[in-house]
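Starting off, we have a lone chain in the form predicted alone, written out as structure tokens.
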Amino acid sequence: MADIALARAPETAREIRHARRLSVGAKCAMPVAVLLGIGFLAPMVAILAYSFATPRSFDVFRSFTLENFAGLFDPANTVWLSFAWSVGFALFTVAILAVVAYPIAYGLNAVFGRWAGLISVLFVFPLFVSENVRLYGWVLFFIKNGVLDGTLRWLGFSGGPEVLYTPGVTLFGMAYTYLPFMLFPMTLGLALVPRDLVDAARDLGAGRLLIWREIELPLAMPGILIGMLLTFVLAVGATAEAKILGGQSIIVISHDIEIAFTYSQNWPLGSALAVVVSVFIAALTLVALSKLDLDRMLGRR
């Protein structure tokens, strides 16, 4: 028995070393994991630590207080008005883009044919230009004596409407900026709808509205929800549109966070604001992902 145990010992040691050895997939994922750890987890840990630091100090990891969060949840604090504006803008942006992007996504899948690639490039191309540059272009378009106003005067009208620095033009800028982020997930979702299933329903006498409601919309819903979620998350954190097009007539939550970190030099308060917004977005993301069939979208079944 002792000889058998001694003979078995090297095999056991080899099995243990083999079990501890990383798989090929884990080794390939290691650079991505390191990048995420440095670029995502480390800043999040720092922000979380600062949110519990003494207000208007840099005593991170050396103090612990809930004073920053208590100040945020004070009924007299107006930061929740900024948060409401951000969420409201994000919801309206999602609603507008859902209506605007769906016909375009349907056209890219079923109507445009060989022109679909070119049209997709036209929607992607603005992303290669800085967002601020594009927004200042709209300022030149809407400003008094600008492109719109000058064109209308040249046509004999009294001038263009004064829409610049209003909540409406801020919403327009957000819809313009985040259109691709709604369009392409929605296009992917519609691409998952089997055309033979639609043809079979049509052969059985189903009308266009019935096919859309019972077949296309449910099967494309994962892509639509991803587009909505991505657009909402980006729109909640939008700052440039409210600054450049809105002229800061409306203060959004991201602007309050920026002010806390810069002019106020109150990093703990800014961190607490960022933590609250992050928790809200994370909870919303988990709820949305729980309703998605990721296996089907990835082609696993």
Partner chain sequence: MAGNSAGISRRSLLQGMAAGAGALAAGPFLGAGSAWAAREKELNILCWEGYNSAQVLDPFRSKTGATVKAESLTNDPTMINRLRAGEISTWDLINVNNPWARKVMLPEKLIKPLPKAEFEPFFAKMLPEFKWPYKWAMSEDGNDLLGMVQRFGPYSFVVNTDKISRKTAEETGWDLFNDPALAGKYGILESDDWNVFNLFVVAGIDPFKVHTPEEMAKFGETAKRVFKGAKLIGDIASMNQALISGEIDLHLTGGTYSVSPARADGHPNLRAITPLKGPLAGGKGGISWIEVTSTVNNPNLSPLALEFLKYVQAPDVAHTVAFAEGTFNPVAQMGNPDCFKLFTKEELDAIQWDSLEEEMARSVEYDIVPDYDKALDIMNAAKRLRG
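In this text, the rigid core denotes the largest set of C-alpha atoms whose superposition between the two forms falls within 1.5 Å. Positions refer to the first chain, counted from 1. All figures in this text were calculated on a predicted structure; none of them were measured in a lab.
Same protein, other form: the form predicted in complex with the partner chain, not shown, and the subject of what follows.
Interface membership of N109, defined by any non-hydrogen atom within 4.5 Å of the partner chain in the model of the complex, is ruled out. At a distance threshold of 4.5 angstroms between non-hydrogen atoms, I251 is in contact with the partner chain in the model of the complex. For the chain shown alone, V121 is not a contact residue for the partner chain in the model of the complex, no non-hydrogen atom being within 4.5 angstroms.
L197 falls outside the set of residues with a heavy atom inside 4.5 Å of the partner chain in the model of the complex.
Of the residues given (W212, F172, W85, F92), W85 alone sits with a heavy atom within 4.5 Å of the partner chain in the model of the complex. Contact annotation for 208-233: no residue has a non-hydrogen atom within 4.5 angstroms of the partner chain in the model of the complex. Relative to the superposed rigid core, the position of the CA of M44 differs between the shown form and the other one by less than 2 Å.
With a cut-off of 2 Å and the rigid core superposed, P31 has a Cα displacement that reaches or exceeds the cut-off between the shown form and the other one.
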